[in-house]
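Only one chain comes next, encoded as structure tokens, the form predicted alone.
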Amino acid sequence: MKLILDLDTGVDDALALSLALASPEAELIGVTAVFGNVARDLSARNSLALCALLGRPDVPVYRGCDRPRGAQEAYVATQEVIDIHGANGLGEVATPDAERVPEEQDAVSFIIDAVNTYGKDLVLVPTGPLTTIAAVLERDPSVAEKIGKIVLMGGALTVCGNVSPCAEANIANDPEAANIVFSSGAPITMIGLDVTHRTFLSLEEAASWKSSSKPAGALLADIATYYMLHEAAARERGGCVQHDPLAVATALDPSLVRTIELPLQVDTEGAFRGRTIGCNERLLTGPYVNVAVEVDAPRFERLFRERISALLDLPNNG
């Protein structure tokens, strides 16, 4: 499997990237940077730094969109987002700058070239706003037919949103882009709050990474711990849900989730802006999106634990 991650690299993106790099069945051929948890350029910087830290400085990083569709200025993270992920996106943990810099080629061109090169062997995992992916599909609509699949983290179908009663953060950051992606006809699986909120990473498990002899262990532990101590629900539970890592894991093993098929749309106006919901007009005709509604959380958590333990040269305690 050839894999591209489209990240807005904050804390859970860092864990998702770690899982991808720890998974031998997938070759990470590139990371694209989008705005969201941080500004686009900081996302690119964080991805480069983490790839180097995790022993893969060869992974190229490409700059995607730096603002929502129609916005006049580049995105700047809100104080609410900064409070959860830190101003640097990585829990205020200092990570060394990578020697490598972002590629000259833009992310949209890179993804299109990759689809034309690898076709059905390519899996794209966006874990931030879908602005860059919408731009890909607008520039080359044939991507929808050629690509293997898109497994995205975003949306909420059967549960409340996390930035409004009905909207999830990634979709709410650019509802228009998400609507383009969902109606494109591409083979899409949506990993939304319906399933990510059933997963868990404990404070104790993250702390155990500090015993790794690799510098990445202590840094990943500190990054995750910051999130757990600053995000309200995580603080109460003594750990955090695994939004972005579950999307990567599902790309690797689709059997982790059960999905239903819906002609999904995103509300782009009014009080329900950002809501992901079935479209009445396309119920019989499609195109359809596979929406995850159940997850084998214990099996996912075991997979995540095993892969991160191997990445950090730690014993796996099951």
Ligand code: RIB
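The model shown is predicted, which means the values in this text are computed figures rather than measured ones. Each residue number is its position in the shown sequence, starting from 1.
The same protein has a further form, the form predicted in complex with the named molecule, not shown here; the description that follows concerns it.
Only one of S183, S212, N88, N162 lies close to the named molecule in the predicted complex, with a heavy atom inside 4.5 Å, and it is N162. Only one of the listed residues (L122, L193, A206, A216) places a non-hydrogen atom within 4.5 angstroms of the named molecule in the predicted complex, and that residue is L193. Contact with the named molecule, judged by heavy atoms within 4.5 Å in the predicted complex, is confined among 239-247, 175-183, 198-206, 138-146 to 239-247.
Taking the partner from the other structure, the named molecule in the predicted complex has no heavy atom within 4.5 Å of any heavy atom of N46. Shown alone here, T132 lies farther than 4.5 Å from the named molecule in the predicted complex, counting heavy atoms only.
Heavy atoms of A169 reach within 4.5 Å of the named molecule in the predicted complex, making it an interface residue. Residue contact with the named molecule in the predicted complex: M153 places a heavy atom within 4.5 Å of it. Interface residues of 90-121, taken as those with a heavy atom within 4.5 Å of the named molecule in the predicted complex (partner not displayed), are absent.
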